[in-house]
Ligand SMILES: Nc1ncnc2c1ncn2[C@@H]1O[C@H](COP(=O)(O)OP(=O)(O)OP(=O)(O)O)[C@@H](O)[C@H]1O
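Have a look below at one chain only, the form predicted alone, in structure tokens format.
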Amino acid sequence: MSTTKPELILIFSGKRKSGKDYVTDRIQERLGANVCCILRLSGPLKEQYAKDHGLDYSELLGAGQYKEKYRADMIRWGERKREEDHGFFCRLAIRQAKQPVWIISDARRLSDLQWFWREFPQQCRCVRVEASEQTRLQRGWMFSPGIDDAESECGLDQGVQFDWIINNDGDAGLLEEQLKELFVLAEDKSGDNAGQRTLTISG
């Protein structure tokens, strides 16, 4: 599989309703879509799951009850796919990426991180987004057995040394302050694209 080698990969993880999408959207808005792309590992997972099960892919991408209805089974299905091939969803997610800065918005398992570290050892930085349980409840989170205690939610709770930990409890000023270093790094990396080239990703 051929793709364009990135200058920087920001790999985000965090609990449900921690606000990962909000934070990553803020970064892309600041950098611009021509410089920064958001890649969701769950996108190709949901697309393939929808095809295999005759479901509405667009509904699975949303935040409503349709996705929640199938979430647990989709997680189990995805685990089986990953057991067969750790990099299956990672390769699908990056297949059309062209920008110098990639944001992986939803890393959930150590195997996700390990694949990117192996393929792009110089470009990866890991970012954890955190929010209090009270904040997450206010955003609509409710504990669901089999989901919130599964690897998809807990796989990166320990054993990972994050480059940044971002608190996202709703204070816009504090969030902006925490993102400054990320903006500086991304703008520095995206300002020098001369080294970009096409490469082949292994299995």
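All values derive from a computational prediction rather than experimental measurement. Numbering starts at 1 and runs along the sequence shown.
Keep in mind that the form predicted together with the named molecule is not shown, yet the notes after this line are about it.
Contact annotation: the named molecule lies within 4.5 Å of heavy atoms from the stretch 65 to 73 in the model of the complex, the single such stretch among 65 to 73, 50 to 58, 158 to 166, 27 to 35. Among heavy atoms of residue 190, none comes within 4.5 Å of the named molecule in the model of the complex. Taking the partner from the other structure, the named molecule in the model of the complex has no heavy atom within 4.5 Å of any heavy atom of residue 128. Although the partner is absent from this view, residue 22 contacts the named molecule in the model of the complex, with a non-hydrogen atom inside 4.5 angstroms. Along 133 to 167, a non-hydrogen atom within 4.5 Å of the named molecule in the model of the complex is carried only by 139.
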